[in-house]
Every structure is written in C-alpha cells, then in structure tokens.
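First, one chain by itself: the form predicted alone, in structure tokens.
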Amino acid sequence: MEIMRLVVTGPVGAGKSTFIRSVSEIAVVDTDRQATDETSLIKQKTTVAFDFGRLAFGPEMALHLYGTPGQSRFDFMWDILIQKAHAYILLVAAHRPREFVDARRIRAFMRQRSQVPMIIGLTHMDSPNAWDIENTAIALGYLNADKCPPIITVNPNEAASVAQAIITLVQHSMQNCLV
C-alpha cells in the first residue's frame, strides 16, 4: 500500500483537529488536553502531541493526516511530524491577524526542516473581522504573488471543503514533483 503523509499545521485555534476529524475514515487519534495557559481564552482543549487520521483511496493508496500542536512549546513535535511528510497545509485563522506572526514562525520552522510542497488554508473566513486572501498573503510575508504558494479558503467543519483542500494540496505536491 502506498501512503502519502500530509501534515496539517498552524497556530492554536486555526482548525487543525477539526480539519482531520472532518474527513478521517477512522476514529481520530488525538492528544487533546485541558488548556491551562492563554490558549484557554480561545478553546478549552488543545493538542499537545499530534492528531492522526486516515483517508483511503482504494486498497492501494491512503492519506495519513497528522495534525501538529499549535503552541510553539511543542515545536519538537512539529520537527518529528514534518520529517516524513510529503506535503503540508498551513491553516491560518483569517479573523485573528495578531496570530499571523505565529503562522509565519511555523512556516519558517517547517521550511528549515523540509522542502516539501505546502499550501495555506484560511479558516474563519465567514467572520466579519476576517482578512481577505490578498492582505493575508502580504501579512504572511508573500509580497510577490509569483512566489506565493496556493492560498485557499477552508471550512474545517465541512468535509467537502476539507476534501477540496486536500485535493489542492495533493495536486500542488504532484506539480512540484514534476518540475
């Protein structure tokens, strides 16, 4: 069986665990624990190691989805999970621009450790405070559209939206392999 490993990363509360739960065909393995720091202002539980889900495409192909913790104190898990990844998606909550710096730090961390293809998924785009794709790209450090990875809107609560994000990530990954 061929396995493609996709990492879902991003700051706290961007929707990583929900993203994986929306499409996993197995019960998601998670390491959620009660939030005890400033994370508790955003949500009650937080991932402290990783989430794991699986999506099969027939008997010979499966996607393994690994969700990282969002807190930088768990960056040792980012390092472990990105090492064998084939591609990753950076989820960013578009309605919390103060956390864009965290997203930039995660992206830089991942890029230092792996050159696998990546895309950016903007979550919470239905919020009245959400930044649009163009301004978010600039805030994330992409001043030149030619050097920017694909940026898409993702609703982690909707399986169809998550599936489309995975298709975009896989297509982008395959295009990079052909170059």
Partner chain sequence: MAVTGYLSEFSLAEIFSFLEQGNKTGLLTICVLSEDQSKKRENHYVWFNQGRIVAASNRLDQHGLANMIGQRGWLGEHTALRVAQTCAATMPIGLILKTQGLLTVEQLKLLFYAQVMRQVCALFSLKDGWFQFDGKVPLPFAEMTGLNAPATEVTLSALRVLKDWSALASKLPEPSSAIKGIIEGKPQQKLNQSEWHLWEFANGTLALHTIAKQLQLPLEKAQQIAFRLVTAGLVEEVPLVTVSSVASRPEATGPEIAVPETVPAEATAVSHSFLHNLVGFLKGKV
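Positions refer to the first chain, counted from 1. Note that the coordinates shown come from a computational prediction; the quantities given were computed from them, not determined experimentally.
Missing here is the form predicted together with its partner chain; even so, the following discussion is about that form.
**Q** Flag Q164 as yes or no: does it have a non-hydrogen atom within 4.5 angstroms of any non-hydrogen atom of its partner chain in the predicted complex?
**A** The answer is yes: Q164 has a heavy atom within 4.5 Å of its partner chain.
**Q** Report whether the minimum heavy atom distance between I120 and its partner chain in the predicted complex is within 4.5 Å.
**A** No, I120 stays farther than 4.5 Å from its partner chain in the predicted complex.
**Q** Indicate whether its partner chain has at least one heavy atom within 4.5 Å of a heavy atom of C148 in the predicted complex.
**A** Contact check for C148: no, nothing within 4.5 Å of its partner chain in the predicted complex.
**Q** Against its partner chain in the predicted complex, would L55 count as a contact residue? Criterion: heavy atoms within 4.5 Å.
**A** Flag for L55 set to yes.
**Q** Which of the residues spanning 79 to 100 lie within 4.5 Å of its partner chain in the predicted complex, based on heavy atoms?
**A** Counting only heavy atoms within 4.5 Å of its partner chain in the predicted complex, the contacting residues of 79 to 100 are D79, Q83, K84, A85, H86, P97, R98, F100.
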